[in-house]
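Below you will find one chain, with nothing else, as structure tokens; this is the form predicted on its own, and questions on how it binds or moves follow later.
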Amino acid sequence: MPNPPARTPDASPAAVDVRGLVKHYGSVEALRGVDVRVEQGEMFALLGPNGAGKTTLFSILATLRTPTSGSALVLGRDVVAERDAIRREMGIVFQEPAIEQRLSGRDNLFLMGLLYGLTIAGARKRASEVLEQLGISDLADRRAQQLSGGQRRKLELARALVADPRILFLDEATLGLDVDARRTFWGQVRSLADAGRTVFFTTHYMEEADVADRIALIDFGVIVALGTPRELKARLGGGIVSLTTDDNLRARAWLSEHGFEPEPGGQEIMLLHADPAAVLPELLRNLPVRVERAEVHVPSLADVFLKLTGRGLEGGSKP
């Protein structure tokens, strides 16, 4: 594989600069030539189904794995050659809980401060500052094992902020939380990004990715689209007609015969159309099957992903 192109020196390097990144696990090619650039102060989402390569890319950027080939810089530093320097300037929240369940919220943060080299007094001060910053001082003296899932996730985020990192890495950070807890968590993360902190996060929840400044859609180790949420949705144009009938196979055949192009796969029939509200009455009148459900909606990130890859964000093989 050819070497990645040389970089032009920059007084203010990107928060993340990935070029030609490849990662193999034996015969499995988890990443296949990924190129991504994230600017400092940006909130950036990596969106894709399970098995798409999100965690592999995340792990390389967070210096937990090494690439097979290609290059990756974080804050201008190489993830392999300058791993320790990157770790001193990053905070991380993993999919799986990393807090000590038997310790209080304050003691978890105090311990993290000591691990980052703060003095005892400095670690205590920083723990209190972060608890107050995130509005969770009420969790300070409660053991982590006594907290709800959403509260533990807030504590994980606080733990990642103890060293005042320049970049935050969050890997499926709200997995298992209910909708309200996820919304609260991402509201806090968005506030951190608005204050100038770089955030790089992975998710397979499209509503979470919508809070990002930009989104990369990844599938089978390849970035298939990159842009703001608005830009990605605009790629579809128009809107979506969703139909469920008593015979979807026959309905799809009729639609194809009459100049429509239903999207492949799925439990419902999806049509991309420039004027979905206008065409829906025609479909309801003329389809030779009983329509059990019909709706029109603006394109979502899930619709974009389905259009580009032929599969949904829930995963599964390409049809």
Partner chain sequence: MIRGIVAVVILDLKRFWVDRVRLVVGLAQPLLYLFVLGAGIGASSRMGGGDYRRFIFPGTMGLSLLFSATFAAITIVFDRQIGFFKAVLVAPIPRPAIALGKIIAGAIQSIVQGMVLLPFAPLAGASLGPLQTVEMIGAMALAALTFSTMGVAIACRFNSTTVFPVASNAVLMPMFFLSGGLYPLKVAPHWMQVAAHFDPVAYAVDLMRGVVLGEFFFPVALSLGALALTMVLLVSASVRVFNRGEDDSSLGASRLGWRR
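Only a predicted model underlies this, so the values are computations on that prediction, with no experimental measurement involved. Positions refer to the first chain, counted from 1.
Here the subject shifts to the form predicted in complex with its partner chain, a form of this protein not shown in this document.
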In the predicted bound form, the residue from R182, R190, R214, R83 that sits within 4.5 Å of its partner chain by heavy atoms: R83
Answer option from I223, V130, I99, V241, heavy atom within 4.5 Å of its partner chain in the predicted bound form: I99
Contact with its partner chain in the predicted bound form for V28, defined as at least one heavy atom pair within 4.5 Å: yes or no? yes
My question is simply whether D107 lines the interface with its partner chain in the predicted bound form - judged by any non-hydrogen atom within 4.5 Å. yes
According to a 4.5 angstroms non-hydrogen atom cut-off, is T66 in contact with its partner chain in the predicted bound form? yes
Would R88 show up as a contact with its partner chain in the predicted bound form if we use heavy atoms at 4.5 Å? yes
If contact means a heavy atom within 4.5 Å, which one of 200-208, 107-115, 225-233, 245-253 is the stretch that engages its partner chain in the predicted bound form? 107-115
Mind checking whether each of A62, I92 and T119 has a heavy atom within 4.5 Å of its partner chain in the predicted bound form? yes
